[in-house]
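Single chain ahead, by itself, as structure tokens, in the form predicted on its own.
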């Protein structure tokens, strides 16, 4: 069949499309599809379309030169055919873990299978399973062990399970994409603090009635939650840093919430901290600890070869808010990318940290670390994160794991450490007294025969980058965006500062890069990635094929609650503005400045370069690739160099003479409506 198709295509190019279609018994739809396909193929072979086709392209695109335009830029695109919209294999994918207070059971969230399981720690066998909605991630258990609470990321809910019957007894709606959860016994009753990574806030929930009491703003993408022993405070670590301006160093936030008054009482800025996904408290010494990546995004990417773009560390924040000290986890010429979870031994002498990109568990001597903190000068503490010799003083061991270790759990007696090997569908057991492995609990086959799973392993490993400094995930957590601007050196140091773009919903939106020079993901993630970022050998052909399969499986990000099923009145008004061809007073809007002209559905991109007057102070070009708008509400900052921190700023600060869509007629309410619609895409 493939050979016959190639012959037909060749004949079509030689004798013309009309004669071929007349000779085939095809219905109208199939003829249209073949016509479009052959037209694209003619262009690929360098054959010019007819004059009427060229004129149609010029009218519809507004371009004089349409030599690089094909029918596929506008026609034949259907979301249901996108890889992220098709069924795929589901694997256990262990995420959150928590021990029962009596030590007899280990509860594990199997994110990809929408299940929570209870494992008998004596037999290492699954005792019970409970089905929950929408990708369970985080777990917390009541001190009495009678209730288990589960965050369901894709359903925007928290579920309460009765551990005796192992069934759902309550559900609470929260913010967008809940992840971390902490349990607090307060004078006003039991409460849950839930980190809503998609909406940038934390929900405070009455654990008895499962009702939301308050929503507290946090840093960007709150992730890890830890509550104080008395239940009065909750500490929330945000995994993404925010840049005040495109040319200023970013900072993540550690938010402290009063669980009784349901409000933020402290906000610790973590300078240049990134991927802070968990937090632990050492109340006796008066510090909060969170793992982090020290990101140096504003230095030229040439510094990858010197180890100065990303390094892993741990932030120590005094509970009184007086100081934050960052200390390295990496060593010179030996990096352990993407620290994920952190737990402290009950006796407080050691800490354990997973390295999701380095496939190790790092064991730290906390006594030595705190001794150094007490003796070091303020200047030494300030520069500690840059001193890679320090780690030799307090790193006790690096224990190898299988692919992508994520969450950790300690047995109540502190003798056994459980490590969720996320992309191997297994749980590693470590004896904390001897630091020897005790075997594994196998939850699945690991998915080695699944190209999407294999691609995710490549995406999350740091083994392919120079000195294993970072992975694809380091800049694209969950395949999304880190919100940072980088100085890539291909156009010269300090020139063309570029905003990182999300990989979610990217399938079918070629070409890639802000200058539109990479025609496919294979080029974008292969030679380009190897040359600019990896500084080592590129991915093999098979690895690259799997990596592309994984990226194309990523659905668009959400900036709208999963509980909303219809457009609100404001969103409907915004939709009318987006598709408007005339202003409210009847004046026509030029075709090339109508929103939907460049951002045409269903992908909301024309896939062509456009000059909309957004050239920045470091830019060397005027035309930029038109980004797709799927998930745009969750992809701040905006513009090619990240100057616009919000969607509003696109038009209030960086609109130039109505070139980036005609918006001068909009009042505040109309602009707000437009933005509300964009958040639905």
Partner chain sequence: MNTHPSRPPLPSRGLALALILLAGAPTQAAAEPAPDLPFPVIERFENFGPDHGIPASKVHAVLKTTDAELWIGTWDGLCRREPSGNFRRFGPEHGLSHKMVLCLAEDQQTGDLWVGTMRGLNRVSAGRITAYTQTDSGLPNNVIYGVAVSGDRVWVATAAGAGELQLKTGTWKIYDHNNSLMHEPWCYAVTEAGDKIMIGVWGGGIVEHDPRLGSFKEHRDPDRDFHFDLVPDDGPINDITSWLAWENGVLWQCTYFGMSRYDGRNWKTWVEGKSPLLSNFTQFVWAHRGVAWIGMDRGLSVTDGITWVNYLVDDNDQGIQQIHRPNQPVEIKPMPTALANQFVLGLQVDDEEAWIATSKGLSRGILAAPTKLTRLSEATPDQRNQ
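Values in this document were obtained by computation on a predicted structure and should not be read as measured data. Positions refer to the first chain, counted from 1.
Below, we turn to the form predicted in complex with its partner chain, even though it does not appear here.
Within this chain, residue 208 is remote from the site of its partner chain in the predicted complex, having no heavy atom within 4.5 Å. Taking non-hydrogen atoms only, residue 212 approaches its partner chain to within 4.5 angstroms in the predicted complex. Mapping the unseen interface onto this chain, residue 645 counts among the residues with a heavy atom inside 4.5 Å of its partner chain in the predicted complex. Among residues of the shown chain, residue 653 is one whose heavy atoms approach its partner chain to within 4.5 Å in the predicted complex. Here the marked residues 217, 253 and 649 all reach its partner chain in the predicted complex, each with a heavy atom within 4.5 angstroms. With the partner omitted here, the residue from 89, 267, 165, 596 that has a non-hydrogen atom within 4.5 angstroms of its partner chain in the predicted complex is 267.
Partner contacts here mean any heavy atom within 4.5 Å of its partner chain in the predicted complex, and among 343 to 351, 253 to 261, 410 to 418, 549 to 557 they occur only in 253 to 261. Contacts to its partner chain in the predicted complex (heavy atom within 4.5 Å) from stretch 661 to 681: 667, 668, 669, 672, 676, 679.
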